[in-house]
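Next up: a single chain in structure tokens, the form predicted on its own.
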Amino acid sequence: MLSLEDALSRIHAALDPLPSEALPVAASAGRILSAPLHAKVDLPAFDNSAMDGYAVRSADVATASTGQPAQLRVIGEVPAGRAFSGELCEGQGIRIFTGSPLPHGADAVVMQEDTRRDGDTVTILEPARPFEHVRLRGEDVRCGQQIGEPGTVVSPGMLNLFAAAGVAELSVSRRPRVALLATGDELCEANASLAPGQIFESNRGMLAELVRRAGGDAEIMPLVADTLEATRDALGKAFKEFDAVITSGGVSVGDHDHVKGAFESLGGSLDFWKVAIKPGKPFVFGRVNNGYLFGLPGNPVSAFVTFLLLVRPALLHWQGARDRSLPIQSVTLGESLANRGDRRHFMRVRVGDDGVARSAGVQGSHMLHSLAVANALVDVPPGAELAAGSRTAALRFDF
């Protein structure tokens, strides 16, 4: 039985990098950069005003005050998107607006609140230092500067930066295409009538959303009967169309658990199928040709936790992401959390706005309500008890 760290290491070592594709900047949010990006222009592109007011020579207004104002002759104005063709000389000022290019000869801007206008004369009531209220060319980004690093997830703020820097297209990793299979004769689609002993299948929809949040494209496949033939046929069809298959159920040691056998009958090679964590000890990882199998337990909580701990980082690693870990928050325990078992127990908790974490409810792997209200996991070591009031790390998954 592998440790979580060893299992992750083996999965990551087995994954071949996904190919890249070119996308327009506007369509790249949430994608992972596969090549560096460089600015095509300076930001700002030119010296410009940070305020509405008057462009001046700072020497002309260095001693201006309410008691001894300076008066300047207004020789024009510069709306945003235009440039002043002349040059500002001693004793002159130019009406200017936020974002307008700074005229030649000017080295400062006086806010309009510190002025009084009368015809072609502006009275300056406050002094101005050199480059006060001026945004200098390239002070944010220089032309040719790297503004995007491979492995970075493109955020909305990056979209703004890339577009302003003149980048029209970028290179990102292709999304992994993932098929979702659920096995079990007891499973029933939501729009069907339940027979005795049947339950509604719920894992595929949950996993599809988790795949999407990890950057993948997921497709929900039909339910699979608990036979070797049906499981083999479903896996074979899925591996012809998708980069990876995530199964739910059928990975334990029961008479009706056929995922491992069906996968091997297709020529697949199993890397491992047990991880020393709770919930989720039975977890299958293997490869067939260019496709990968992630076999999750059928219990909903086990499927959820193993996805977060093993599949999510694998999907991100596959796309070249640098940051693959769940967000970590330091929390105070509002109650004790005890692990009486011999495996690390990733317990579901609810972290409040006050930073206090409390158990989300009964920790059984079939308890859906506690899964629904939880927003984090706390890793409790084997045979340990984390005392109420102590500080610990919580792995947030409400991203």
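The numbering used is simple: start at 1 and walk along the sequence shown. Keep in mind the model is a prediction, meaning the values are calculated, not measured.
FYI, the form predicted together with adenosine monophosphate isn't displayed, but the following is about it.
Quiz item: Among 119-127, 164-172, 67-75, 184-192, which stretch has residues whose heavy atoms lie within 4.5 Å of adenosine monophosphate in the predicted complex?
Solution: Heavy-atom contact with the partner occurs in 184-192.
Quiz item: Which of I328, I199, C89, A83 has a heavy atom within 4.5 Å of adenosine monophosphate in the predicted complex?
Solution: Here the answer is residue option I199.
Self-check item: Listed residue (T231, S248, Q319, T306) with a non-hydrogen atom within 4.5 angstroms of adenosine monophosphate in the predicted complex
Solution: Result of the distance check: S248.
Practice problem: Report yes if any heavy atom of S100 sits within 4.5 Å of a heavy atom of adenosine monophosphate in the predicted complex; otherwise report no. | Solution: Close contact is absent here: in the predicted complex, S100 is far from adenosine monophosphate, nothing within 4.5 Å, heavy atoms only.
Quiz item: How about G215: is it within 4.5 Å of adenosine monophosphate in the predicted complex, going by heavy atoms?
Solution: The answer is no: G215 has no heavy atom within 4.5 Å of adenosine monophosphate.
Self-check item: adenosine monophosphate contact at D257 in the predicted complex, heavy atom, 4.5 Å
Solution: Yes, contact at 4.5 Å.
Quiz item: Does adenosine monophosphate come within 4.5 Å of any heavy atom of G298 in the predicted complex?
Solution: Yes, G298 sits close enough to adenosine monophosphate in the predicted complex that at least one of its heavy atoms falls within 4.5 Å.
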